[in-house]
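Listed next as structure tokens is one chain, alone, in the form predicted on its own.
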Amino acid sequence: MKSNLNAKAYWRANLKYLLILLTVWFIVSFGAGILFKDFLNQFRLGGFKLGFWFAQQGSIYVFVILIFIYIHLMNKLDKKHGYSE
């Protein structure tokens, strides 16, 4: 019974992490690249308008960073719930 509750808590936390990280990625890719493009284009990064940069490269960089954040969070979660190697 305890193992079942532990597994449910583990997956609940895992889904929470996924939802938060995918929401951040959506906001960065859709929000910064499309919705807030006009406002962000007032600024420049590396010679490019910031809205254009987010649409072309920024969301990819954020996605890669989010992967490493997810790895870190899952390693901590695995240790907390006894699933670490």
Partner chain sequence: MDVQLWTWILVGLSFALYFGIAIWARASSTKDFYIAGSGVSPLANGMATAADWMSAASFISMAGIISFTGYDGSVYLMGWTGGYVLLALLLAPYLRKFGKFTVPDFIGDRYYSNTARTVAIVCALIVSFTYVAGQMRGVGIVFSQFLQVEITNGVIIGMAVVLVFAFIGGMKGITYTQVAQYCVLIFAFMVPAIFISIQMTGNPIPQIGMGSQLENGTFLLDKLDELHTQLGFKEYTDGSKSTWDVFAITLALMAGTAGLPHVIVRFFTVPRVKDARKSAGYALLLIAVLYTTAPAVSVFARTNLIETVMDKEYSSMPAWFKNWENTGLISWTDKNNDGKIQYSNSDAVNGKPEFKESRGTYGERLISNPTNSKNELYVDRDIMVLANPEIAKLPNWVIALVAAGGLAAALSTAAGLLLVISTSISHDLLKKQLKPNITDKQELLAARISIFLAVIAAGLFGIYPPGFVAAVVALAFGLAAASFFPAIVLGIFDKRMNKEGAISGMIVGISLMLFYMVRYKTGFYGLEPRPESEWWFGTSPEGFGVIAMLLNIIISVTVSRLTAPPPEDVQNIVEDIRIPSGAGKASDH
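By rigid core we mean the largest C-alpha set that fits within 1.5 Å across both forms. Positions refer to the first chain, counted from 1. Worth saying up front: this structure is predicted, and the values here are computed from it rather than measured.
Another form exists, predicted in complex with the partner chain; not displayed. Remarks below refer to it.
At a distance threshold of 4.5 angstroms between non-hydrogen atoms, Leu18 is in contact with the partner chain in the predicted complex. Taking non-hydrogen atoms only, Met74 approaches the partner chain to within 4.5 angstroms in the predicted complex. Using a 4.5 angstroms threshold between heavy atoms, Phe39 stays clear of the partner chain in the predicted complex.
Contact check for Ala9: every heavy atom lies farther than 4.5 Å from the partner chain in the predicted complex. Scanning 26-48 for heavy atoms within 4.5 Å of the partner chain in the predicted complex gives Phe26, Ser29, Phe30, Gly33, Ile34, Leu35, Lys37, Asp38, Asn41, Arg44, Gly46, Gly47, Phe48 in sequence order.
With the core superposed, Ile27 shows a C-alpha displacement below 2 Å between this form and the one not shown.
Once both forms are fitted on their core, a CA shift of 2 Å or more is seen for Leu45 between this form and the one not shown.
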